[in-house]
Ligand code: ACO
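Form predicted on its own, single chain, as structure tokens, below.
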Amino acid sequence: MPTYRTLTSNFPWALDRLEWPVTSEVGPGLAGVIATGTRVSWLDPSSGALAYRGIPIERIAGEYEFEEAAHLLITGRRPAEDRDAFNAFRDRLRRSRDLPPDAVALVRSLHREVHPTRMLRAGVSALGCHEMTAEDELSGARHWRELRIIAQVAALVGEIARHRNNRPKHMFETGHSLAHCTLRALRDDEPDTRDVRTLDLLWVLYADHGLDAPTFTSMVVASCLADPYYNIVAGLSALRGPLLGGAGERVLAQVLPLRTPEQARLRVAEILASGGRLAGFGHRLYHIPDPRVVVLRKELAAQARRRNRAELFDIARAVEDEALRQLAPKGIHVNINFYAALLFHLLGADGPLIPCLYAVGRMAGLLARVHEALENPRLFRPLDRYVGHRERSLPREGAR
């Protein structure tokens, strides 16, 4: 694993060295383009280094609760540096979980078979209608500062889980964390400390990872000075697809039917031989193992053992081993979604709910980046390159 010394010495894009305008070769999907500078997180695809506000992710994972990681990302301060400020931040989040009755009613008016991401998108839109008035400034600056949207999204996800299982509205206890209350809403029982820590771990690892599609989409919307509710709806729309947030659903669909490691190896070989794709493998940035996987693989082993589901971990390892035997020479490795999906499953989530749980974690990094961008707002307006026909003449009237 990369050390802190290695991480800080490999900082080629540090803000004090970056001079605008930056020019770069433009690849498909804006590959290779530097769209902005940030102090929020550091991601180095060549070494796998990932740090939040200069702290390596290996030091944060398992040590910070999600609320602590969110505070670090958004404010740039470690909770221990100003405990009173962190306590105020945490209390504000926890008080924000009481959703407007109209927003809850809208979610519950939807058929329980509607995909959870659509319910979440509708719920966030409803929150915007309730929270924003005609007199509010278009940017929603006050709402960005108050950070209510983080806890509101977590509460909506819990409410969606209960609606899909035909359970009544969940009453939040203000003294408990976002992770504790989300698990309580999801499973309708009192979660134990280890499960709460596991959900916190997942959210911390998903909190920020550069300008992936949901984050970049939200950054574009934020650059228009739109309010948080427009912004989150846009980000959720980008998250939904099978190449990103939807990958967890596909992981469960591929892995859960398998009964033995040998069956897993045969199924992987069959999928790859037919030209199919394995969910949870490959990454747009990494051609080396995703560093977050090491943490989650270990956590899955522990959680599966606790639940007498050790065979699930053995099957997952068999899938990974057989896949890497064929794919690693091509630079394709397992990514965070593979083991995360199986952990969400053990915590009580079905496949369709996984993108919503992913979204809760990503709220922290998204808000941190928007806060940063609003310090000096700049409208995103990239250029395109025309590759169509050269100049053409109009046919004469009546010409065939």
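The numbering used is simple: start at 1 and walk along the sequence shown. It should be emphasised that the depicted structure is a prediction, and the values quoted were computed from it without experimental measurement.
One more form of this protein, predicted together with this ligand, exists but is not displayed; see below.
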Discussion item. So in the predicted complex, is this ligand close enough to R277 to count as touching (4.5 Å, heavy atoms)?
Written reply: yes
Worksheet entry | Partner contact for N335 in the predicted complex: this ligand, 4.5 angstroms, heavy atom | yes
Practice prompt. Please run the contact check for Y358 against this ligand in the predicted complex: heavy atoms, 4.5 angstroms, yes or no?
Written response: yes
Worksheet item: F281: heavy atom within 4.5 Å of this ligand in the predicted complex?
Response: yes
Discussion item. Using a 4.5 Å heavy atom cut-off, which of 117-125, 82-90, 99-107, 269-277 contacts this ligand in the predicted complex?
Written reply: 269-277
Worksheet item: Quick one: of L244, A310, L324, C129, which gets a non-hydrogen atom within 4.5 angstroms of this ligand in the predicted complex?
Response: L244
Discussion item. By the heavy atom within 4.5 Å rule, which residue out of K330, R259, R145, R194 makes contact with this ligand in the predicted complex?
Written reply: K330
